[in-house]
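Listed next as structure tokens is one chain, alone, in the form predicted on its own.
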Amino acid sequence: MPSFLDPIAGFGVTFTTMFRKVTTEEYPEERKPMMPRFHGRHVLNRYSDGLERCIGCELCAWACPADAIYVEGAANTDEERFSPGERYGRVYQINYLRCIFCGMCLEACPTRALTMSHEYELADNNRADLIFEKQDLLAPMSSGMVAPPHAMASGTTEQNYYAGEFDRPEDSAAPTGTAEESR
């Protein structure tokens, strides 16, 4: 084929694609559902009575290949109990400038305290705002939960909490309000 026809062949490709229907995604207005196994922003989960699942073991930080997680554990006391175990995560940070969303931290967590949501909008104009602290990562309180620190539900042990075999007694509802409102 002569070389002077090469530009015409290139224009042929352009000409055929010029009349195709344009596929435009209206992203901010219309969001497509995420796949079930999508790894988005991390969430620190709670037990059904409000105690935190994180026991400050730091296994997630050790498993992170990007060194994006920093955990500092502290001991629970009878007066201030944040988790059912001996320890809790006093400081918990995830640096989303480093995180590669691989999910290795989820596999390392012995209490399933750490999960990943489908939230993916993590852009910011300030680098410091992309280091999420514990209060940013904790799951929101749902109805019937009491904000820690508080004692474990009566008649339970650490093993019951870890196995999920405990019922929150009705009389230990949130301390706000009167006894009639909590029933």
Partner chain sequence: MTVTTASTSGDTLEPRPDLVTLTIDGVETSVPKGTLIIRAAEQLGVAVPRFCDHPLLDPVAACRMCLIEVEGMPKPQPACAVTCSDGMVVKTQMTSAVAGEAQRSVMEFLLINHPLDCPICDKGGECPLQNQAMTSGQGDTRFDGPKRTFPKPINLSAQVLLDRERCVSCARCTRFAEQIAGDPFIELLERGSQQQVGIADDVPFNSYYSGNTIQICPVGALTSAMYRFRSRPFDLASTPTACEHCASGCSLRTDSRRNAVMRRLAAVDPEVNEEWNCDKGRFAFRYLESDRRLTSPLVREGGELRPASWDEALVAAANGLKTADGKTGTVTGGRLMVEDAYAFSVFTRRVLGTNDIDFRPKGSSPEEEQFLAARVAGRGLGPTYADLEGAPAVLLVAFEPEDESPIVLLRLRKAAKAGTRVLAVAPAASRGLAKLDGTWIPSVPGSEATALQNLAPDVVDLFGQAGAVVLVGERAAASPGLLTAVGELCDRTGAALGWVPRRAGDRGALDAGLLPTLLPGGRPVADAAARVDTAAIWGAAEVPETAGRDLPTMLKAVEDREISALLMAGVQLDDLPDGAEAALRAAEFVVVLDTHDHAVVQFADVVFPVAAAPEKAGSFVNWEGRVRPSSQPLRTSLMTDARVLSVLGAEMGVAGLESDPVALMAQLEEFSGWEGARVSPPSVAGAPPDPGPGLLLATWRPLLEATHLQSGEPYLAATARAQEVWLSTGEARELGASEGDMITVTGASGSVTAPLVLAEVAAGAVVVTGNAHRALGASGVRVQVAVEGQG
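Residue numbers count along the first chain shown, from 1. Given the structure is predicted, the values throughout are model-derived calculations rather than measurements.
Below, we turn to the form predicted in complex with the partner chain, even though it does not appear here.
Within this chain, residue 75 lines the site of the partner chain in the predicted bound form, having a heavy atom no more than 4.5 Å away. Residue contact with the partner chain in the predicted bound form: residue 110 places a heavy atom within 4.5 Å of it. In the predicted bound form, residue 79 stays away from the partner chain, with no heavy atom inside 4.5 Å. Not displayed here, the partner chain is approached by residue 70 to within 4.5 Å at the level of heavy atoms in the predicted bound form.
Only one listed stretch (121 to 129, 49 to 57, 24 to 32, 135 to 143) carries heavy atoms within 4.5 Å of the partner chain in the predicted bound form, and that stretch is 49 to 57.
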